[in-house]
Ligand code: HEC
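Before any questions on how it binds or moves, here is one chain, the form predicted on its own, in structure tokens.
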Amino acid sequence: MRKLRGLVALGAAVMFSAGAGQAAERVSDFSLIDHEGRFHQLSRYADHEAVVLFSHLPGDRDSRRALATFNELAGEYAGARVAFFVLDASGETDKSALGGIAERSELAIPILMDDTGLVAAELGFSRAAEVAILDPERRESLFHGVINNRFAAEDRSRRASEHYAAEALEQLLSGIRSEVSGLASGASAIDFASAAEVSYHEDVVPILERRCLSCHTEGGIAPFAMSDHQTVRGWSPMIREVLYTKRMPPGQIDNDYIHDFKDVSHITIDETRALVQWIDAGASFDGGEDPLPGLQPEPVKWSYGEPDMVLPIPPQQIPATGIQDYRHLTVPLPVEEDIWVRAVEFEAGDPTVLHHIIAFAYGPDGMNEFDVLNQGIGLGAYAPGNEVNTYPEGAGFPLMAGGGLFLQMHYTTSGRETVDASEVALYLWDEKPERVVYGGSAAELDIHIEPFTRMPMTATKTFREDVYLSMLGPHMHYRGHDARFRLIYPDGESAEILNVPNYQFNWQKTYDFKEPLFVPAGSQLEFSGTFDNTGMNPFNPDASQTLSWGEQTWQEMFFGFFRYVEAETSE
């Protein structure tokens, strides 16, 4: 892809300066991560009367001084239904650098990282020390301008005598459409350098091939196939929206950790800018032959390769409607001696109704509850986007002759009767591997979440021996909002090892370390997350319910699954 310089040309993005008598401007719903790695989406603040944003550039003197004024303004409205944010418009991606600014400025409000610059551009920020006031329910911008006349380009008073942002906010909260003029800031300009024109053939198609086609293909898990230009253009408003709100790619993790894990869903800053610029410019076609049809991946049943053993799961009749209790099935192993598994892959018979499979192992003496709890997610688990489960090099999961698989099957009805005939593929070691794969979880079963509330939760697990941690997997249901894993070492030091800012129940992903992480004996794995049982959670089935632990999706769970091997070679 040709190098994109700076931010995208605005195309269809909105540029304006709200003033007296001027109609409010619509803005896109957007999502950004703050300097603490937390997820914020404009539409999730629709229960607030206003969202107030301040454009900030590190190193700019006016920006620094105006930031103090903005922080004071936020303090005056503490407890009110107004959300205040600093919007870093520099493209900074280092959260610790922004955290230092927050600490030095004694900020009590989040700094949002607008790494692509798309949000700042659409909100009309052109300089630091500007303020935008948004109506988050209608997604309209109601005021845009300098915070006060001390920082106005046409004034530059030594002392502020006109407090434009505060006056506009007060009018809005009093039910009056703001009549305050938005003056321009005299602070440093935000670098909106023009970008090279984006080509469908040279830029867009390679991005779609890298980031989208594995799911968006005929027969794939995605709701539509990116089969040609016309189809992509038709879906382009949706593509733009899911990029703006970080819904796609699915199961995104904090950018700080994308290089630590295998095969994570990811799209780069430049790729996001290019796609949005192309869409805003009309999603045009360059002419000539469309390369996209020729890039459609060939359907492959087993993506990990030819299995050593395929175990059919007894077909399950699924009704059109109704609540489906978990089904527990046993599948005996057709082996006469112990085998060692190096990877597991699941093939969903009907992915429209199959929510998940967890495959546990049982031996010749059968299965008991203690064994299940101490296997974590057992050999592995299926959920949309998580078909293949692999283990560290030289490690395997033992399956004993005379035993088999104990499968936990979860179905949700789709409005039509169907039969699910799924399969489990096993990839085996020829000889006993050096290490045994173990699993477990940091879990909390005592769950009580009041209606219309947000609630943090934490669970821990202590490692009594030196181990190498190889996989992490957060699990909550529809109220899950975010998830983090942290290691607390015996000396009291701690380190965050994974952050999932926008947890999505529909994508039950696990995350495999590229290199297993050494964990000394006595360390604790801390799993923390937030439940959002409010009406602002778009996935919440019913915010009026008091939640407890339960297997059904409208109830809740809290598991931080992990997989590990012992540091010493097993004999």
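Here the structure is a predicted model, which means the values were calculated and not measured. The term rigid core refers to the maximal set of C-alpha atoms that superpose within 1.5 Å between the two forms. Sequential numbering from 1, following the sequence displayed.
Missing here is the form predicted together with the named molecule; even so, the following discussion is about that form.
- At a distance threshold of 4.5 angstroms between non-hydrogen atoms, residue 242 is in contact with the named molecule in the predicted complex.
- Residue contact check for residue 265: one or more of its heavy atoms lie within 4.5 Å of the named molecule in the predicted complex.
- Mapping the unseen interface onto this chain, residue 285 falls outside it, with no heavy atom inside 4.5 Å of the named molecule in the predicted complex.
- A residue is said to contact a partner when one of its heavy atoms sits within 4.5 Å of a partner heavy atom; residue 385 meets this definition for the named molecule in the predicted complex.
- Proximity to the named molecule in the predicted complex, defined as a heavy atom within 4.5 Å, holds among 461, 233, 247, 139 only for 247.
- Exactly one listed residue, out of 443, 238, 80, 331, brings a non-hydrogen atom to within 4.5 Å of the named molecule in the predicted complex: 238.
- Screening 216 to 224, 315 to 323, 92 to 100, 106 to 114 for residues having heavy atoms within 4.5 Å of the named molecule in the predicted complex returns a single hit, 216 to 224.
- If you take 479 to 507 and check each residue for a heavy atom within 4.5 Å of the named molecule in the predicted complex, you get just 507.
- With the core superposed, residue 105 shows a C-alpha displacement below 2 Å between this form and the one not shown.
- After superposing the rigid core, the C-alpha of residue 93 moves by less than 2 Å between this form and the one not shown.
- Once the rigid core is overlaid between this form and the one not shown, residue 412 counts among the residues whose Cα shifts by 2 Å or more.
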